[in-house]
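The chain below stands alone and is given in structure tokens; this is the form predicted on its own.
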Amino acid sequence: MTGFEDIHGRDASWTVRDGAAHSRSVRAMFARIARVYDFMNHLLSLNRDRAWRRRVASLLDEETGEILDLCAGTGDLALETMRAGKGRAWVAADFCPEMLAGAVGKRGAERLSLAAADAMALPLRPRSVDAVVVGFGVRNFADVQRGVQEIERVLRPGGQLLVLDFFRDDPDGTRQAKGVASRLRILLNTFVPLVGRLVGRDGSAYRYLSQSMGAFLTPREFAELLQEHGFTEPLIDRQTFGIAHIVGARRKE
């Protein structure tokens, strides 16, 4: 399985019909590509992923204490917040242990608390973290509403949520930006699976990436979903002509 078949057929709540099968498929996919994940991220984004993570870190409050990096992969986003001087304690959580293992040995990783955990049922106390950051993970949730509810549960009142992802399109962009983003996405749809097959040795995993981008929410839709689940002060921050976006909000006080 490529994992993408399980994404089709979501209902209005953005829920995969067979969430358990979807989670197994996506977890297995990331386990297969864990060894090359960082390299492929930098290669396929022409290193723009580094700048996008720095931007996420810059948006965090200066006084942020505990940070949860959800769907942390190999911990790069948590480590970026650490380098930016944001946070005092960091939890990097991912449902794929093979991905988390990739954080070991990175500079600063000894300060991370690594947790093999599913975003649908986080092993954290209510109101226990000041900020949640998610890099390219919400798009893989089996149930986006449930994931947002879990994030809301563990955030303290006034806490921040910042999500960096490849959303479906950029409805608020200028015509020129939309045109550039559209052409780049067409290129990605052909280039990403090819490079994934040649370099990453897994074309199906990187075909999933390009296809899932077209099946996801728009930035505005996701911001509206956050507001429906107890978040305020929505933020949409366009990155690189709208290829990626950062969508943020705060948990109600």
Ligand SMILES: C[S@@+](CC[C@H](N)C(=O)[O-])C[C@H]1O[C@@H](n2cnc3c(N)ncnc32)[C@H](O)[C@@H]1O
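Quick caveat, the model's predicted, so the values are computed rather than measured. Each residue number is its position in the shown sequence, starting from 1.
A second form of this protein, the form predicted in complex with the ligand, is not displayed here; the remarks below concern that form.
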The ligand in the predicted bound form has a heavy atom of only one listed residue within 4.5 Å, and of Val26, Ala223, Val56, Met40 that residue is Val26
Heavy atom within 4.5 Å of the ligand in the predicted bound form, from candidates Met99, Leu162, Val91, Val148, belongs to Met99
Answer among 153 to 161, 83 to 91, 124 to 132, 137 to 145 for heavy atoms within 4.5 Å of the ligand in the predicted bound form: the stretch 137 to 145
Legend entry - Distance check, Ala119 to the ligand in the predicted bound form, heavy atom within 4.5 Å: yes
Heavy atom of Trp52 within 4.5 Å of the ligand in the predicted bound form: no
_Proximity of Phe216 to the ligand in the predicted bound form, heavy atoms at 4.5 Å_ = no
Contact check, 72 to 90 vs the ligand in the predicted bound form, heavy atom within 4.5 Å, ordered by sequence, gives Ala72, Gly73
